[in-house]
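A single chain, nothing else alongside it, follows as structure tokens in the form predicted on its own.
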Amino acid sequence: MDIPREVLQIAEDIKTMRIRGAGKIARSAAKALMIAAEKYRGSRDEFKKYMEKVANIILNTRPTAVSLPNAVMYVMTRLRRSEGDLEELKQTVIASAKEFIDKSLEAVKKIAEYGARMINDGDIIMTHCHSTAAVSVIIEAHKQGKNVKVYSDETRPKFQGRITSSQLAEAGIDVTLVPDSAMRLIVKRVDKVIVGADAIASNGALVNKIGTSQLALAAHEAGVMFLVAAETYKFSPMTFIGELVKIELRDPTEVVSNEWLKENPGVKVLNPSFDVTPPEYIDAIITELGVIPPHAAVLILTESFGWALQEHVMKGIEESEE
């Protein structure tokens, strides 16, 4: 059976960043799997192969956003373990995808509650890129009556910081948009930095939008608290067994125009989407399970993904023996 058009559209939207933000990407991935299962009209024997094909299409859209493979793993691992007739297998996928989406949305609410407790009345906050979790923390603090001011940098080349600024302003928060190049100057004026995450490694290192590590370094230099708001499904289980998080390199035309490239054929343009912030520059990670130090990331991975890691290792052993 052909892959449904709606599924291919979601994959394309993730790849081209029309769907952006690790949480939205993860929920969209789960939704794509759910749609694929709902629209399947083939035989029971071919269903799992069909779903593996759909899963691979989704997985190949964005290599760095760990939330995406974790969402796919959440659904597909349950399918791989399931038996029964076609309808039962389809319902396993549909129910697992819905469960993941619900847990994802609930996680943001919990993070907002825990994170707001760490913000004091009168705090000046700086943030980078656009993170639903980080924005939710700030808005929740504002709802609690805490008077906060926010600096949001633009986050070039896709300007996700403008989305953050708009959402905070709509919530009635005093927000100022600044260029990325001003972060070292501005961070000296703030009390806390709060950012989101695309991935958390097993050692507590943060993989996030390019420029995050510069902001963390500037905050460390200025003695400013650096906080990360991240759902536990953004923790990377594969780093637990030695795999590295791949840094995505995107199209140069996100940085300069095609015309400029043609006019300057001798210039190469490098456009990395993410960078890595060492755990030593992170004061705490705010998760739906509570606030943890970065080096406790390994405990989250063991608790949340131990079963999946075991399955992954066993699968690798079986493949190497073939």
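Residue numbers here begin at 1 and follow the sequence given. In this text the structure is predicted, and so the values were computed from the model without any measurement.
What comes next is about the form predicted together with ligand RUB, which does not appear here.
- The closest non-hydrogen atom of residue 273 lies within 4.5 Å of ligand RUB in the predicted bound form.
- The closest heavy atom approach of residue 17 to ligand RUB in the predicted bound form falls within 4.5 Å.
- Interface membership of residue 150, defined by any non-hydrogen atom within 4.5 Å of ligand RUB in the predicted bound form, is ruled out.
- Using a 4.5 angstroms threshold between heavy atoms, residue 208 counts as touching ligand RUB in the predicted bound form.
- Just one of 202, 160, 92, 232 comes within 4.5 Å of ligand RUB in the predicted bound form, counting any heavy atom, and that one is 160.
- Figure note: of the listed segments 22-30, 45-53, 279-287, 263-271, the one touching ligand RUB in the predicted bound form, with heavy atoms no more than 4.5 Å away, is 22-30.
- Contact annotation for 190-208: residues with any non-hydrogen atom within 4.5 angstroms of ligand RUB in the predicted bound form are 196, 197, 198, 208, listed in sequence order.
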